[in-house]
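One chain comes next, on its own, written out as structure tokens in the form predicted alone.
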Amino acid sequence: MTGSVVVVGGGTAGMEAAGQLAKAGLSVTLIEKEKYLGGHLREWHHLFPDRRPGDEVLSYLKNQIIHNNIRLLTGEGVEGFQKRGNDFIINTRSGDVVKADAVLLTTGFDLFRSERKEEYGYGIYDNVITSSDLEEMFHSGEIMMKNGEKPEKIGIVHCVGSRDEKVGNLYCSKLCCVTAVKQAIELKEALNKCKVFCFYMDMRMGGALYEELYREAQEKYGITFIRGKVSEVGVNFSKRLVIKAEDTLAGRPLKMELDLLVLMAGMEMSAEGLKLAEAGKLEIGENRFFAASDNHFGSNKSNLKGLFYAGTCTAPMNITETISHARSAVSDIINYMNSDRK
């Protein structure tokens, strides 16, 4: 097979798709705005539900793109693109121009900026962190408060920036609940004597082995799950965090002192993706991710012929789903190159 494809985004979906396209004989240019490939996967210490090291999956993806048919452009963003006839002209920020027969956008997601939820105190109080910040601590092997002490009482807040009318995100980010459970277990393993409390609206454990992990968290690790939203976070005279919440199952208000509060930040369409959507007049869904041409049999296709999507630029997905979605995009691109483009 002959032809050329530009893949924009060098995260999980982009690396998997680039490798598969190259193996099919297509010439691939993989463009990543960051210096390093891997996207958010590089941030994860272990993955749910089996807590496999994230580096193992990253190594697999790096091996995928070791191919003579792949040209890598890292540290290089895409400024815009045009379609001229059947060809795409992609303009990079450094002034490079790349011509291709098809384009695959794998621009991924951005984590919700937790400082937008002022009531949780992120960016205000030292010991309020995000799930991403906690993964950095797991990588370093040091889980500590700002004063250098190990936390003994830790709270985890689900649905920060998701299912929230106030910030305009009505959708569920899908992975926050299982991430909270995974991180709660890892906290208990790292800090055996600590107490961990998860505050949730609903536990949405809709993946293979997710429910089993949830049960293990309660039965083996003694993690406490409280159904109710945290309404306010402050500090007391001793500089400990004080949270106010409601236990909706018990029907009573709660006030609790904590050493550390972890916010499960939701997923939003990346700023890079939104910019390309505007530049290329690509359709955006109600959730502000890229809108597929058909939710059932066209999830990789855009409203522009020859331009495709893969991964979390279309909706929240886990790593397994992202890799599968990338492979599906490859199939659509091959079909397009063989017949639809002519």
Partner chain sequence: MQFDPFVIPFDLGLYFILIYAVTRSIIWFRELSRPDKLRLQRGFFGKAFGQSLKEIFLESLIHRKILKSNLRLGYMHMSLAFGWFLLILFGTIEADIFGEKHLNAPYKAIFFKFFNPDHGKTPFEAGYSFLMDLILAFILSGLVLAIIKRFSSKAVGMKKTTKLKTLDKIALTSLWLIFPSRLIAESLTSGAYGTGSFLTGTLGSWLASFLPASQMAYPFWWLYSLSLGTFFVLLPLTRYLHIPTELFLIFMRNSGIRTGDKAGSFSEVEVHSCSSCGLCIDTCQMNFSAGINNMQAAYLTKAIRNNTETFDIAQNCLMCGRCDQICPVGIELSPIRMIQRRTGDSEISYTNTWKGYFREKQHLPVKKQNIRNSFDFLPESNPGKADILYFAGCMTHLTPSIKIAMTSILNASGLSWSFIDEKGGACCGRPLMLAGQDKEARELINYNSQIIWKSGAHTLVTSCPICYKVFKESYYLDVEVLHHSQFIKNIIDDGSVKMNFLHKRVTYHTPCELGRSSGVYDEPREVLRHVANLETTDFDNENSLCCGGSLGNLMLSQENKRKIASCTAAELTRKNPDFLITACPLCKKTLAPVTKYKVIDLSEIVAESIVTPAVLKKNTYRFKKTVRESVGVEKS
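These numbers come from a predicted model, not from an experiment. Positions refer to the first chain, counted from 1.
This protein has a second form, the form predicted in complex with the partner chain, left out of what is shown; the following refers to that one.
Every residue of the trio Tyr125, Glu165 and Phe237 has some heavy atom no more than 4.5 Å from the partner chain in the predicted complex. In the predicted complex, the partner chain stays beyond 4.5 Å of every heavy atom belonging to Glu211.
When contacts are judged by a 4.5 Å heavy atom cut-off, Glu232 counts as touching the partner chain in the predicted complex. Using a 4.5 Å cutoff between non-hydrogen atoms, Glu119 counts as a contact of the partner chain in the predicted complex. Considering the partner chain in the predicted complex, the lone stretch of 142-150, 256-264, 165-173, 75-83 in range is 165-173 [heavy atom distance within 4.5 Å].
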